[in-house]
Ligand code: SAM
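Shown here is one chain on its own, the form predicted alone, set out as structure tokens.
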Amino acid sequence: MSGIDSLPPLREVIAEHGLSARKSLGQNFLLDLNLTAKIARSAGDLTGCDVLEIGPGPGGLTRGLLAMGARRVVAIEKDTRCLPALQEIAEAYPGRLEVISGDALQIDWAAHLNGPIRVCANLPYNVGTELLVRWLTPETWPPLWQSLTLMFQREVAERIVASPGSKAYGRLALLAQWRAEARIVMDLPARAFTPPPKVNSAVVHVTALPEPRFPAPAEGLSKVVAAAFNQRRKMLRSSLKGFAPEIEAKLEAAGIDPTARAETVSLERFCALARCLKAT
């Protein structure tokens, strides 16, 4: 018995369905159902919520989310080999699990969920960052989701919660912290996975704020931050010279030393710069 439901242990499920992890799909399975249940708990109170899960694989986290009381789980899985195992979970939780076969980067997930919505996933390494950026940069804010509870490589997790002046500080930190609260809630060693990846992992919990911390045009902020950190070793007056002929004056108007480098500039000052550039 699994300890959280009447379904068999994940190792038996993987053996029965021949679900060896595929590197091409960024798969590393987490088989300890105690750990998957802990991740589900870190997503907060799921009662009355629809939960989006990307890359459920054999369904360890899926089972945890359902056992923790999620109203419905919508799981998007690209690997068709996993569908029979996920169907067994759906049968154990009638009407509470919808499995969508396809690429999460191409599916309109919002059409399948009703609010309130939380996202909880052990993201495939090869698409995790792109999905996060999409969730953080919708056209309107607040977003459709209330929170994101996501597993990343530890290095990526540190980039999401990084502060100015650190090597990890960059575009991901600014996008996440502009309109949300982000924190690392759980660490997982490589040995917890099958097969073990080359790096450790961490779970990040991101809670959407009602409005941005500082006013700024979303597209303008995203572009200026991307340009600044694309050449992070350069002074900002050099890395951003393509934005405006009088870029030094714009930097100074935003309270930024033109000779500063991107990693030393706070979110508040980047927002001020985005506003100044928009006014050009």
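Bear in mind that the values here come from a model prediction, so they are computed numbers and not experimental data. Start at 1 with the first residue shown and count on from there.
The next section is about a form of this same protein that is not shown, the form predicted in complex with the named molecule.
When contacts are defined as a non-hydrogen atom within 4.5 Å, none of 70, 74 and 98 contacts the named molecule in the model of the complex. Shown alone, this chain has one stretch from 224 to 232, 46 to 54, 208 to 216, 239 to 247 that lies within 4.5 Å of the named molecule in the model of the complex by heavy atoms: 46 to 54.
For the options 161, 90, 104, 175, the one in contact with the named molecule in the model of the complex, meaning a heavy atom within 4.5 Å, is 104.
For the options 171, 78, 118, 179, the residue carrying a heavy atom within 4.5 angstroms of the named molecule in the model of the complex is 78. Although the partner is absent from this view, residue 123 contacts the named molecule in the model of the complex, with a non-hydrogen atom inside 4.5 angstroms. For residue 127, a non-hydrogen atom is located within 4.5 Å of the named molecule in the model of the complex, even though that partner is not displayed. The named molecule in the model of the complex comes within 4.5 Å of a heavy atom belonging to residue 30. Taking the named molecule as it sits in the model of the complex, the stretch 238 to 264 never comes within 4.5 angstroms of it through any non-hydrogen atom.
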